[in-house]
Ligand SMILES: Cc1cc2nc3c(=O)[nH]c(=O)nc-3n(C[C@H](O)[C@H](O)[C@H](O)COP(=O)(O)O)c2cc1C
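Shown here is one chain on its own, the form predicted on its own, set out as structure tokens.
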């Protein structure tokens, strides 16, 4: 455990990674991720999150089929692949990694389906996604990569996974040991997205901080 990154280093270096090595993820590593996930806050302490581990090749093959269909619809707004390659670097790299994940989804070591109880909370997903964030940060600390990936989500998935009508599927989390690197993420400055007291009111303290934030404190 001593080689694990600290909390802030983990936060500042957790990217959405979509390309994975074929190495299997041990059950003990998965358990640690889930054990960290369920420490998240939960409205009324309902703890109604549920998780399904997907490793069955037949299910992953079907998910790949649906993901490719989803990618074809999604990417059409950007034009051809050649058009995508002319986009700004950050947008281009993100889109191409989504494409690669869709095409290779059947080879991803583990896909986790994230569920919550229908009608249990006034804000659907509000008591589930904190646990998802915990899960992804724990995965990063254990040397894994992951991303939220919803292109394969279909109504048929409920029957395929035996999900009862009382539960809602919120997202899918493909994960594995990453072929790409973790690292600092580019984000808009805090001063442009956080306001003081009222929407649009400048927070003077944030304006005095560097646009790149305080990442160097944790990444040095």
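Predicted model only: the values in this text are computed from it and were never measured. Residue numbers count along the first chain shown, from 1.
Another form exists, predicted in complex with this ligand; not displayed. Remarks below refer to it.
In terms of contact with this ligand in the predicted complex, the residue from 50, 55, 187, 62 that brings a heavy atom within 4.5 Å is 187. Only one of 114, 141, 131, 98 comes within 4.5 Å of this ligand in the predicted complex through a heavy atom, and that residue is 98.
Of the stretches 33 to 41, 147 to 155, 190 to 198, 62 to 70, only 147 to 155 has residues with a heavy atom within 4.5 Å of this ligand in the predicted complex.
Within 4.5 Å of some heavy atom of this ligand in the predicted complex lies at least one heavy atom of residue 15.
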